[in-house]
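The data below hold one chain only, encoded as structure tokens and taken in the form predicted alone.
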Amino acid sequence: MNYELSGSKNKKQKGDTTRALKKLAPLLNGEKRKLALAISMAMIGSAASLLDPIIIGRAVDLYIKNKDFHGVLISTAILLGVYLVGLVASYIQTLALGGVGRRVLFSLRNALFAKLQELPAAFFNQNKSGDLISRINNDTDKLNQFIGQALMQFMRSLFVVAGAGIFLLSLNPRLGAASLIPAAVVLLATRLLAPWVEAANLKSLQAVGQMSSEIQESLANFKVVAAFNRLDYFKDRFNGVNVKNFSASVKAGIASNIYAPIYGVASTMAQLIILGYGTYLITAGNFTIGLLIGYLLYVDNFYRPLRQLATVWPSMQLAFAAIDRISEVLALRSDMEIVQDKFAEAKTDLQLEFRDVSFTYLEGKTVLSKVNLKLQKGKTYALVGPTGGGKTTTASLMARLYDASQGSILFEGQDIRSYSPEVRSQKIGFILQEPFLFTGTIRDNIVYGNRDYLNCTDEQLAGALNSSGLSGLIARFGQGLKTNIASGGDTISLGQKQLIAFIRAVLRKPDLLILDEATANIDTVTEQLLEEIINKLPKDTTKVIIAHRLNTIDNADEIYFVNAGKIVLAGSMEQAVKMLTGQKRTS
């Protein structure tokens, strides 16, 4: 299955804003009461601001023109009351929306991280971790800023614009229609420019994700860069993505701010139309000075929120682009679902069986082709073959890190896909070629995901380690179980990482233990100790060993040669050596 995230679309469909708002709506389901209160306060505040021109225009025509000082004071008091109502409504609206963005940010990041945990290994092979981090951190924060800041301003501006437009048309339809002509022009321009602005902002977000990926990759491999004295390579790679990010950011800034001057010109044009046409109506005796002042104020009430919307629009476009990138992850579904077992065979002495198994990577590389393989309980099997021959892929299929492209894999006579992840990980131990350790102590790492020891005391864990013959390995670390592991295990050697991964897997007492080059970075003495520990596992534990050092697999019951899509029984160690050396000569 293709899990590659695009993050962009070559062609934008009409109604992108509506589509983005539909994606945003489910994220706000838990905030309906707060949003309803905020919208109510926005409407009250908007209504308060829309009363100003009527009060002022009336005061000019009735009181100021007739020099009625008492009437002016009454109008002033009414205006003060209207302003206070608007102020209180604005304050309540701010309080209502203040925490909405943060709560949405919190739940959305949890949802994204939970979704990533559901996805299979193939997803992470096809996508860069830096871009995923950017989606969780940067994109969700853009959405938070929009909800917590821009959305509040957007709602109020929208109500004021609608109300002012209604007043302009109702007081004098012809004059109102003339004043709205510039607005129609700029709204058409906005409609035409919106896809370009959204695309520019989406590219800017993608560029941030690419830069995050480059930084993460470069820092993770900094030791290699320094060892080969290629800091220039590190610098050039970063400079390349930084330049792209800068270019995309500049273009997004230009696109996002293009609306403000257009809306400013429209406001000026509308005021000139009102002054010209209004003056004509006054001279004709069909209009008053107070109405003209009120009209100018309503025009300002109409176009000023439009200019504010123009400043809010970039934030909205960034939020819409972020919603697309976030929704793309949330919409993914793992193709490694738990299925109903169709075999349901009786008790069997087979631990694992491949039936006509084929596996092809997404890019079209076939690793296995119609392979049949039977592993019996309690036996030790070795997989040998040239680098890139398919040994690790075979082991990954055994542990169901991937599903077979064709054929069936049975574990204890049951379709391996019918096991839940919890049961499967308890029954199958997999020591990876490059073990990963979590930040914390050795104890944290070896009990991770092991429900039998997760809540046990240090004494109980020490007893379990001793009975499994693992206490000697723990003693090799200065502070034993309390030894701290830094991020990624960079403070310890690769060999020590493999020891901890070995302890973590063996402590589970799995039915199938897969060791993928698990002793490649361990000295010979320690390797012999590990072999003794493996021999202490229950007799029905099946072991699968992948190793390039042939002495590691000398005691295997059966040796298989893996290469060119086939898994062939090698027979003896001598035959395995001949097959391996013959392959090297051929290549």
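From a predicted model like this one, the values you see are computed outputs, not experimental measurements. In case it trips you up, residue 1 is the first one in the sequence shown, and so on.
What follows is about the form predicted together with a small molecule, which we do not show.
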Completion exercise
Contact with the small molecule in the predicted bound form, heavy atom within 4.5 Å, among Thr392, Thr483, Asn127, Asn144 goes to Thr392
Practice task
Sort through Ile446, Val367, Leu513, Ala321 and report the residue having a heavy atom within 4.5 Å of the small molecule in the predicted bound form.
Solution key: Val367
Exercise for the section: May I ask whether Tyr91, Gly101 and Ser157 each come within 4.5 Å of the small molecule in the predicted bound form, counting any non-hydrogen atom? Expected result: no
Handout entry: Contact of Gly388 with the small molecule in the predicted bound form (heavy atom, 4.5 Å)
Key = yes
Practice task
Give a yes/no on whether Phe477 approaches the small molecule to within 4.5 Å in the predicted bound form, heavy atoms considered.
Solution key: no
Problem - Heavy atom of Phe354 within 4.5 Å of the small molecule in the predicted bound form - result: no
Practice task
Answer yes if any heavy atom of Phe106 is within 4.5 Å of a heavy atom of the small molecule in the predicted bound form; otherwise answer no.
Solution key: no
Handout entry: Partner-facing stretch of 410 to 418, 392 to 400, 450 to 458, 236 to 244, counted where any non-hydrogen atom is within 4.5 angstroms of the small molecule in the predicted bound form
Key = 392 to 400
